[in-house]
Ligand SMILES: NC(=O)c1ccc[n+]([C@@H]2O[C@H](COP(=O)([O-])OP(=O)(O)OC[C@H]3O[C@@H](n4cnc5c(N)ncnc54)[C@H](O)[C@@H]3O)[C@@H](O)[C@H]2O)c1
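Below, in structure tokens: the form predicted on its own, a single chain.
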């Protein structure tokens, strides 16, 4: 099968590319390498995807790429994911997350792709979960607390619209807080990678707020399986992809300290604007519609992640 993965040189995208290449798909990666890394696409077997260095906001270049490659399945993972940048520069966030999605949807429609899968966000779309009955399912109200969540929610709406207008099978996966190997420990998102990077280099982890804020942490391998399962099914619409379990930042830090064999003694910093205090998401619908559920226990995923950072350093 011909598949196209936007953001395929990034953290989650490159793991998805690995899986698609491994199963024998002809894979095109669209990535401008602003945050993605070329080395993420290198495989021990030598089998590789084709990398096209294109910005998803460049409509003409995206259209040309689709015309030349004719993908049957499109996995759209390229995004602006920094909540803080979305607050300080919401127009940039809009252009990438909404404008970029529209460019890919239009190219997929005009070239006859049979499926479009969008990486959305389970935390930022729903907004604050404190005071609500967690974990939230897809029927919960969406009240984003930052432009990032709002732009992802808008992107979901456009994907749904293309399904109704043009018959393009569009599926949005609302991901929990994804962690795993290849996540950038120097980035603005990904507390697991940041904590691993700090602890393994004898640095001091920084916790924003009181550390009692919770997230639904899900291993990248489980997320890849969700994309593959959704892509192979006839499912469309919106699906949560998480564990349904809340873990606080301080609890997470203690677990990471344990697998890294380092004491977790964080520096506390002021809370950041636009970030929710509690969230966890219910993935029962994904289990019912395409047979997916998370399989990796948090401590096991953290152990694998920490080992990958130790090896890299």
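Residue numbers count along the first chain shown, from 1. Small disclaimer: the values here were computed from a predicted structure and weren't measured.
Unshown form predicted in complex with this ligand; subsequent notes refer to it.
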Pick the stretch from 205-213, 136-144, 116-124, 228-236 whose residues have a heavy atom within 4.5 Å of this ligand in the predicted bound form. 116-124
Partner-free chain; cross-checking this ligand in the predicted bound form, the single residue of 35, 284, 277, 248 with a heavy atom within 4.5 Å is 35
Listed residue (79, 155, 196, 74) with a non-hydrogen atom within 4.5 angstroms of this ligand in the predicted bound form: 79
In the predicted bound form, residue 105 touching this ligand (heavy atom, 4.5 Å): no
Are any of the heavy atoms in residue 55 no more than 4.5 Å from a heavy atom of this ligand in the predicted bound form? yes
Please tell me whether any heavy atom belonging to residue 9 falls inside 4.5 Å of a heavy atom of this ligand, as the geometry stands in the predicted bound form. yes
Using 4.5 Å between non-hydrogen atoms, is residue 242 touching this ligand in the predicted bound form? no
